[in-house]
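The form predicted alone is given below as one chain in structure tokens.
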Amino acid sequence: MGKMRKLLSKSLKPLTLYALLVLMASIPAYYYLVDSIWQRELDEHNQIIAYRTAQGLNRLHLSNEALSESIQLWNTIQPGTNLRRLTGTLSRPDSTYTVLRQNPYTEQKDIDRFRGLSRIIQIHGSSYELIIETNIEETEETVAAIAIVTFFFFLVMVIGFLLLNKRLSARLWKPFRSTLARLKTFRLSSQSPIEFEQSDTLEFEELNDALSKLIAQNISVYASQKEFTENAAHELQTPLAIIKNKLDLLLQQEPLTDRQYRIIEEANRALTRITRINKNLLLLAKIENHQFDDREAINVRLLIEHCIEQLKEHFDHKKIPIQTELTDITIEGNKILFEVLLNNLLLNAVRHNREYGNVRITLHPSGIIFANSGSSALDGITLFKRFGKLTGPNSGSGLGLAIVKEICNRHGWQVSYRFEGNLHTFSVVF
């Protein structure tokens, strides 16, 4: 599982990246917008200058010689303008343009941008071409200024996002955290419904309502299953015990033929198997219904030694020695279930073993390893499933390893199987 992040943190990153992309895209947009406004204003400025120049020269009523001298003086002292006389009487529309050239009125030799206007004006009935060129602000300076301002506001926006995210997370998600805290403390075995806090947020209120209905339904199902397991334990075991007693009485009656004896023995073995399956099924149901919630400190080494002593006859019957390498460790769990787990793995080590075989039990701080001799691997796919292996001379009830798996799941442990070097190896990792 990767690194966990909060929900609002996950939404903040894409929002920040989106805002950054939008602001970066806005820089050229701002530039072209400002540039177009400047050019429009400069065009208007140049037109005003052209109109005032034509009006001013016409009001002077100068002679041709004086007018020529005035125009020459005008072109000399007026930067960015040029007025020259045309042959004949001409008329054409105004022409606006942009030109790049060096500014002769500055010390720098950089290339500047100029906005120009070319207009035909009439002075005392003669046509003159008036050209006005006005310097436009530097492009690089404009882009730099816009970029600086844009990134400044981007930083302001990101800081605002972080502060708002922190405040919103504490305020908006308070009902959710309250609901989550109550769910973490809920235990189905207590059969007590949860009272959620009222929220003025529609989605959280709908969530609480759905959870309340789900919990109420689960409590009802749990109560029904618990009642069933209790009734089954009482109602099924009693008639099974009566049948077994009747069969034992039949075996004690005389005379019995060999065929009758074999039939009664087979029925007795089948009844014993049914009794064991019924007991294991009831145990599985109780585990799944969380009817073993009590936890305590368990000395694993002492419990393993106790279980080995209880099952010593099974090992002696097949002449199987047990080798142990046990470390003193203590874990927390349900002692009854853990003892069932150990007994099932020990019986499995006897059942899937050969006469004069061997069993080795290793206990270390992180888990237990059961290894026993064998001739062929077990089916790893169905091994931990219910009734996964019911056939063969070594078959048990088909529920022992399923119970082991369920107990491990109940405690958050991991159980695994492998077959290497003619050894069946079961590992339980705490």
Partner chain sequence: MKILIIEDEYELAESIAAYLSESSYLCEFAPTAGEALNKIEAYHYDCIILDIMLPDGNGIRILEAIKRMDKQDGVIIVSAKDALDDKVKGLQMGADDYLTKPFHLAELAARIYSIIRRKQFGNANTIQQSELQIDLLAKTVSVSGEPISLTRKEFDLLMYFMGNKNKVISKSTLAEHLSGDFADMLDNHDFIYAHIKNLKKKLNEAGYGNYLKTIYGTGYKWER
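Numbering follows the first chain given and starts at 1. Because the structure is predicted, anything quoted here is derived from the model rather than measured.
Although it is not shown, the form predicted together with its partner chain is what the next lines describe.
Highlighted residues K166, L183 and Q198: none comes within 4.5 Å of its partner chain in the predicted complex, counting any heavy atom.
Exactly one listed residue, out of T87, S91, T76, Q252, brings a non-hydrogen atom to within 4.5 Å of its partner chain in the predicted complex: Q252. Distance criterion of 4.5 Å from any heavy atom to its partner chain in the predicted complex singles out R273 from the list R273, R360, R113, R301.
With a 4.5 Å cutoff on heavy atoms, R351 counts as touching its partner chain in the predicted complex. When contacts are judged by a 4.5 Å heavy atom cut-off, I336 counts as touching its partner chain in the predicted complex.
Among residues of the shown chain, I120 is not one whose heavy atoms approach its partner chain to within 4.5 Å in the predicted complex. Its partner chain is not shown here, and in the predicted complex it never comes within 4.5 Å of any heavy atom of V158. Checking 126-134, 312-320, 150-158, 175-183 against its partner chain in the predicted complex, the stretch whose residues place heavy atoms within 4.5 Å of it is 312-320. Of the residues in 191-206, none comes within 4.5 Å of its partner chain in the predicted complex through any heavy atom.
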